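Included below are structure tokens for two forms of one protein chain, each presented in isolation as structure 1 and structure 2.
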Structure 1
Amino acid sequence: MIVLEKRPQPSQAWSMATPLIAVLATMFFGGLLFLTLGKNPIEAIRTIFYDPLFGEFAFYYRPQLLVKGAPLVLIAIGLSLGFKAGIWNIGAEGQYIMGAIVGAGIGLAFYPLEAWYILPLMVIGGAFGGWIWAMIPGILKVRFGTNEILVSLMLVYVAEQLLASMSLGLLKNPEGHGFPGSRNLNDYASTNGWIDQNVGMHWGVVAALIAVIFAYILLNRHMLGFHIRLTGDAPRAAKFAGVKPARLILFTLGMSGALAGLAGLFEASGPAGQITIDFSTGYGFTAIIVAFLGRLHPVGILLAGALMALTYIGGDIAQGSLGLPAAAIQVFQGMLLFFLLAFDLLTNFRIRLASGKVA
């Protein structure tokens, strides 16, 4: 009989080792999956994990890693602050869209003026757009006790409608021959968010790294971060320590909204270049997975974002070059998440084989 025994305290060694074991287990079972599909498992695994980084065309894929990873990390960092305190912002996708609309809107409003201060204003606008969108579930929760999960999620669909309306109306490029989208922000020096497009470097990557450092310091060195962790671990003890729950809810929701909004703005001013009707691609939802993969730890999230971006890019290559079906790639990514969460059990529990006999 297998018995789960709670550890007196979480094991440090296991919490470090489980992500690695999970990746290895995913490789093994994913390999089996690819084998049953008639593909060479070793080649498939190599295509997904190795080729984007060191393969023949790595010069093309490496910048993609930054482009895909940065928004995931930026959003996930914001979400993790709330998740740590048990506040569930599921609507980062909506805040991402709103940040892009407000930020890009500011940039477009200055057209055709070129000035150094336009991009900074767009950044502030992006953060504000996401923040205000997250404040709606925040204030409703604090004032009326509504459920932030539902409200923030439903606001995603509102934001998507707004995005469609904006790309077809207010922000539509007057010279775009009726194409549903804004002017391309990359075309104007003042609104271009790229630092060096050849290596995938844009201001969003910088912001993501700053966010990781900021979150690390906040959680480990600051009273506010301590109160966030305390609230997640023991809400009653947090209240006893003097935490004001309403203030914490507004801070964490606002922070995650602002970072998601920033991610949206950087996407619009960099890789996407414009606001279009299909601007939203699900970063806000994938970031939820990234936040949990990274154990809600800033450095973990950085690594998880990189890993996630890698499997996306590697998955795309495998689809193209090996003819793996898209569904198989999704199963593979699902496996990774499953194993990570499953092995996480070992951090808090130890498995013992107990003798079945009763004395």
Structure 2
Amino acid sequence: MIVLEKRPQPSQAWSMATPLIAVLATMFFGGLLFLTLGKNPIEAIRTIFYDPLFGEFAFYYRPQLLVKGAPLVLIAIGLSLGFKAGIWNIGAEGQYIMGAIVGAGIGLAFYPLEAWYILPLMVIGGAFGGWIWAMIPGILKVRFGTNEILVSLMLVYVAEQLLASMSLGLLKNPEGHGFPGSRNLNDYASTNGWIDQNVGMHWGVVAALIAVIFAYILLNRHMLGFHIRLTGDAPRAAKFAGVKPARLILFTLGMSGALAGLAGLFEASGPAGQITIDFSTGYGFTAIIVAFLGRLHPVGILLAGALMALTYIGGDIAQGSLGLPAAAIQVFQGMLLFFLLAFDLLTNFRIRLASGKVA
């Protein structure tokens, strides 16, 4: 018989070890998954984790780490602020889409004007688009006590419909010969989000690094950060400390929405280059894995974002060279969160066997 016994204090050792154990477990069981698909598991794992960094064409794939990792880190930093306070924004994908629509829409509205101030206006618009979309579940929760998980998640599907509508309507390229999608923003210097395309550097990477620094200072050097941590760790104590729940909900949801919107804008003005029906890439959902894999710590999220970007790039290589289906790569990525949550149980509980031995 196995009994879960609550620890007097959360285990710091297990808390630190859990992400590494989750990654190793994902490699092992992911290898078994690839084996059932008739692929060599060792070759598949090597292709995903080794080839993008040290393989024959690593010089081409390494810059993609910045391209793939930046939006994941940017979104995950925003989500972590709410998660630390027990506020669950699951709709970052919708905020990412809305940020791209509003920001790119501003840039396209100025076409064919070339001016230095257009990209800054797009950045403001992108942040505002994500912020306003996150305020919907925030205000509904504060005013009517609705569940922010359900509302934010349902708004993702609304945002996807708006994306399709804009790609086929208002933002459609009039010179696109009937194809859905906007003009290519990379063709115009005033709306181009790239800094150096050869090394994968775009303004989204800069924004992600700034967000990591900002979140670290906020959580460790500011009273608001203390209130966020206190609300998540001890809600009753937070009330006695004078924390205003409504303000905290609106701040964390608004911040996560704004950062997700920025990620969408930088993706539209940089790597993607335009607004299309299939612009939604799932970054908003994958960022949830990144946030928890990074233990909701800004530096941890930066490292977790790099790891997840590696699985994206390596997964693409594995699909092309080994014939692995895209769904298998998505399952492999999902295993990270599954094992992280499973092993995280041991942070707060110890396993006691019937014989009295403790694991």
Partner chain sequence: MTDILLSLKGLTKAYPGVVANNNVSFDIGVGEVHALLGENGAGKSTLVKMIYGLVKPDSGTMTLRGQAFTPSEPRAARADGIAMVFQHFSLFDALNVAENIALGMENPPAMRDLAMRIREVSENYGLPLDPYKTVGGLSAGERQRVEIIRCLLQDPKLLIMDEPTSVLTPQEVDILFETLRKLSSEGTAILYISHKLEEIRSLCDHATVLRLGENVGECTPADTTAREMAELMVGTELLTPERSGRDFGEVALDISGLSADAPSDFGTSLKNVHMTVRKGEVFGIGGVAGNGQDELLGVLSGETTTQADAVRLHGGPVGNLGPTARRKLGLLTAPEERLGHAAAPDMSLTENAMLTGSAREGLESNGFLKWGLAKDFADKIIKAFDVRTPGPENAARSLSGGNLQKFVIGREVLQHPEVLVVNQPTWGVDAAAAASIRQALLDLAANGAAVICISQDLDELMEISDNFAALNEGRLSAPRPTAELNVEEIGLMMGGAHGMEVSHV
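Just so we're on the same page, residue numbers count up from 1 along structure 1's sequence. No experiment lies behind these values; they were computed from the predicted model shown. Rigid core (definition): largest C-alpha set, two forms, superposition within 1.5 Å.
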inquiry  = Between the pair I just shared, point out the form predicted in complex with its partner chain.
reply    = 1
query = So, between structure 1 and structure 2, does the rigid part that carries residue 287 also carry residue 173?
reply = yes
inquiry  = How many degrees of rotation separate the smaller rigid part's two orientations between structure 1 and structure 2 when the larger part is superposed on C-alpha atoms?
reply    = 14
ask   = Core-aligned, what's the Cα displacement of residue 319 between structure 1 and structure 2 in Å?
value = 3.2
